[in-house]
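Here's a solo chain for you in structure tokens, the form predicted alone.
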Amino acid sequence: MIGVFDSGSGGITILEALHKRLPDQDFLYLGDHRNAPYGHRNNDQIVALTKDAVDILMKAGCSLVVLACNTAAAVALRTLQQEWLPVAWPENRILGVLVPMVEAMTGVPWSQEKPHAEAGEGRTIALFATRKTVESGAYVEEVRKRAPHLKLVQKACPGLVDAIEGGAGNRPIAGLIDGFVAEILEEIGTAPDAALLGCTHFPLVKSTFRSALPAATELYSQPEIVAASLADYLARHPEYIRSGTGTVRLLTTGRPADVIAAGAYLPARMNRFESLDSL
């Protein structure tokens, strides 16, 4: 069974793409709605909350967990992989959404940390993310290692996750997105070559971002890129493939009734949350 973790409902975008790409695998999703959003929390809190969630999923039988939360992946992944996992679950693995996106933007494999002379030359990419993901500098750092000539311009989007989780409606959400896009276009001074929605909640309102961005700007699809990356990883590490029936189960640390607010942006079959107590 493969575990998928997010601070709330945003990781459903990743889960849906993973399930479509790997239909025979069983998935267990955990949304930490009780403590969401993570964007305003300090690093120690994010590491602790992410560790607790991954531990729950692994105790439930997941040998591989995907952090479908850019904030958790940017802040906590490396610490958990290097310090906690080898002691707590040495045979298991944790993957994140940041790695495949850096590879997609730069065209350089993650394992190659030395600068690639031609990678990203002349390209500008706009990154929309939570404040904490932007402050971590993780995307900027990893892109610079591999493609120093690629210009990555970050834009924190405070309030957008809350609006999506709270079911604020199309008009207020469009107003927020229009403002964020206008600000980053003013900073760049021209249409970026591409844009990355660096929060797994944001693909839930992908069409609104698409409408706000210049037509010539390519919009990276994080769910599909992450799903392709996981399929490739499993092909190289078949020991983490478990025979299953394609079952998908959704758990929340909060009250299932409170998660319905984001239901307008979720497929019906991906909005049937159970309480963590039912595990």
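Since the structure is predicted, the reported quantities are computational estimates derived from the model, not experimental observations. A residue's number is simply how far along the shown sequence it sits, counting from 1.
Omitted here: the form predicted together with D-glutamic acid (DGL). The next part is about that form.
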{"item": "In the predicted bound form, segment of 145-153, 102-110, 79-87, 194-202 with a heavy atom within 4.5 Å of D-glutamic acid (DGL)", "value": "194-202"}
{"item": "Exercise: Val161 in contact with D-glutamic acid (DGL) in the predicted bound form, heavy atom 4.5 Å", "value": "yes"}
{"item": "Pro223, heavy atom within 4.5 angstroms of D-glutamic acid (DGL) in the predicted bound form", "value": "no"}
{"item": "Any non-hydrogen atom of Tyr38 within 4.5 angstroms of D-glutamic acid (DGL) in the predicted bound form", "value": "yes"}
{"item": "Partner contacts in the predicted bound form for 124-157 (non-hydrogen atom within 4.5 angstroms of D-glutamic acid (DGL))", "value": "Thr130, Thr133"}
